[in-house]
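Here's a solo chain for you in structure tokens, the form predicted alone.
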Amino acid sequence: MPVLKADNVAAVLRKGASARLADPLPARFAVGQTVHALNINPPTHTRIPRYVRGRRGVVHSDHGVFTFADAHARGETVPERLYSVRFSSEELWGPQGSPGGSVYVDLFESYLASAT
């Protein structure tokens, strides 16, 4: 992995880059499928918010394949599907949740399990 020197940071940030990968990984989950966000507590970086861990949601959209952020934080490039998952407010916050409200969270495939 190339080293990013301090005097190049601004130029790299201006240029930007996509984490999308052209990898033909098949989708494990379909739009409309009920999924369960895993209740994981890895000792390293993770992008799964604590408030969705252990909760049920519905796949809203499939964003395609991206570099798995957890592995990228360790200097690895691992392709993984990324989904937008809709969680009801009541599922996340119980009776304090807004009736009919929803929260959409982008979650990598390894954070999810089928809820059936």
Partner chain sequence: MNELPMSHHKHNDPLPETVLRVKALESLLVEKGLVDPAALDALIDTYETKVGPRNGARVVARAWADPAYRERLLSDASAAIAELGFSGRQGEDMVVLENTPQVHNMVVCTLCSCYPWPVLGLPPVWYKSAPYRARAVAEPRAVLEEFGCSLPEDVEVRVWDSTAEVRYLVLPMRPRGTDALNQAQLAELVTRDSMIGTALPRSP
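Rigid core: the largest C-alpha set superposing within 1.5 Å between the two forms. No experiment lies behind these values; they were computed from the predicted model shown. Positions refer to the first chain, counted from 1.
Note that the form predicted together with its partner chain isn't included here; everything after this is about it.
In the predicted complex, its partner chain sits beyond 4.5 Å of every heavy atom of Leu25.
Shown alone here, Leu82 lies within 4.5 Å of its partner chain in the predicted complex, counting heavy atoms only.
Proximity of Arg47 to its partner chain in the predicted complex: non-hydrogen atoms within 4.5 Å are present. In the predicted complex, at least one heavy atom of Ala69 sits within 4.5 Å of its partner chain. Contacts between 18-32 and its partner chain, taken as any heavy atom within 4.5 Å in the predicted complex, involve Ser18, Ala19, Arg20. A displacement of less than 2 angstroms separates the C-alpha positions of Ala22 between this form and the one not shown, with the rigid core held in common.
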